[in-house]
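Just one chain is shown here, as structure tokens, and it is the form predicted alone.
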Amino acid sequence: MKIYVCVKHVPDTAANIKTAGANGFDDAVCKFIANPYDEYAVEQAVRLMESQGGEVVVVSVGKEAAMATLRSAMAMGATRGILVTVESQFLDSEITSQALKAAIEKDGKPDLIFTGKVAVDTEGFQTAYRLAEAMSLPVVNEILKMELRDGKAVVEREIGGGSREVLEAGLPCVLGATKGLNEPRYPKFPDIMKAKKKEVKQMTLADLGLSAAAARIELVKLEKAPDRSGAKIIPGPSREAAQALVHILRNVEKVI
């Protein structure tokens, strides 16, 4: 099987991020990691490769520093990588999906494409769907279980209230992984060293006939969320406390 996994290089959710300019942040001092949900996708792809044969190709769109995330995925067992380098810190999901599509199609014909259910930085929930639409493929997101059966991917996903639905998607298809699908392996030192020697193809948006200038969404402003005020206990009878709470929410916090 030829399996592609789309991975993203994202700021650590525990990192202290400092804004820079109107719509950027200081990425020189910010710790980056592989998008956590993408690790479930990589693990699932590697398990399929180990049982079915073939190769796993990890693909990323990002700055040069995203090479670290590709190496991390290859240390988990991915065969090789593809990096589409961009200069922008924030690339809209339309251009990202077009870049992923072009990079994958330039490399080969996929039997299966994995993504994480969402990226923890922008949380747009768009790329997997846009990629599937661009490639005219079926897509199922937030999968918790999967198996291959008679040329189809049979998957389970939660739909709320503890219920799950079982879906069949013909191959090739795009599947979005989430927590619970598996337990990502922790690469050992020899695997990390081997990953440094694995092939990574590098290309730019221009190499794929694309331009960031064609983006349809622009990040206008990025600002730090205001610090939350301390908790306050409102004493008195319930009716008076409720009236005081409404007054605070409406006139002080201005949220209603």
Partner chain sequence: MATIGIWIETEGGKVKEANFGVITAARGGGGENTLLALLLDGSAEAAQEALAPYGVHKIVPLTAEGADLDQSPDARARALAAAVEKLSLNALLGLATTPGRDLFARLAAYLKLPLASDCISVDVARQTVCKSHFSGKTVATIRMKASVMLCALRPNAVEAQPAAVRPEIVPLTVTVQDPGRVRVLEVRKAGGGKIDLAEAGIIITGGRPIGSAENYKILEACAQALGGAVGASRAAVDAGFAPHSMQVGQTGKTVSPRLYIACGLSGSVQHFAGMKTSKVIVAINTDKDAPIFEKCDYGIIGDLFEVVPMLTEALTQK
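Here the structure is a predicted model, which means the values were calculated and not measured. If you superpose the two forms and keep the largest set of C-alpha atoms that fall within 1.5 Å, you have the rigid core. Positions refer to the first chain, counted from 1.
Keep in mind that the form predicted in complex with the partner chain is missing from the display, and what follows is about it.
Q: Even though the partner isn't displayed, in the predicted bound form is residue 151 close enough to the partner chain, meaning a heavy atom within 4.5 Å?
A: No.
Q: I'd like to check something about residue 196: if you look in the predicted bound form, is any of its heavy atoms closer than or equal to 4.5 Å to a heavy atom of the partner chain?
A: Residue 196: no contact with the partner chain in the predicted bound form.
Q: Should residue 87 be classed as touching the partner chain in the predicted bound form when contacts are defined as heavy atoms within 4.5 Å?
A: Although the partner chain is absent here, residue 87 would stay clear of it in the predicted bound form, with no heavy atoms inside 4.5 Å.
Q: Look up in the predicted bound form whether residue 185 has a non-hydrogen atom within 4.5 angstroms of the partner chain, and give yes or no.
A: Output for residue 185 is no: heavy atoms all beyond 4.5 Å of the partner chain.
Q: Could you list which residues of 149-183 come within 4.5 Å of the partner chain in the predicted bound form, counting heavy atoms only?
A: Heavy-atom contacts within 4.5 Å come from 154, 156, 157, 158, 159, 160, 161, 162, 163, 164, 165, 166, 167, 168, 169, 170, 179.
Q: Superpose on the rigid core, then tell me if the C-alpha of residue 12 is displaced by 2 angstroms or more between this form and the one not shown.
A: No, the C-alpha moves less than 2 Å.
Q: Once the core is aligned, does residue 23 move its Cα by at least 2 Å between this form and the one not shown?
A: Shift at residue 23: below 2 Å after core fit.
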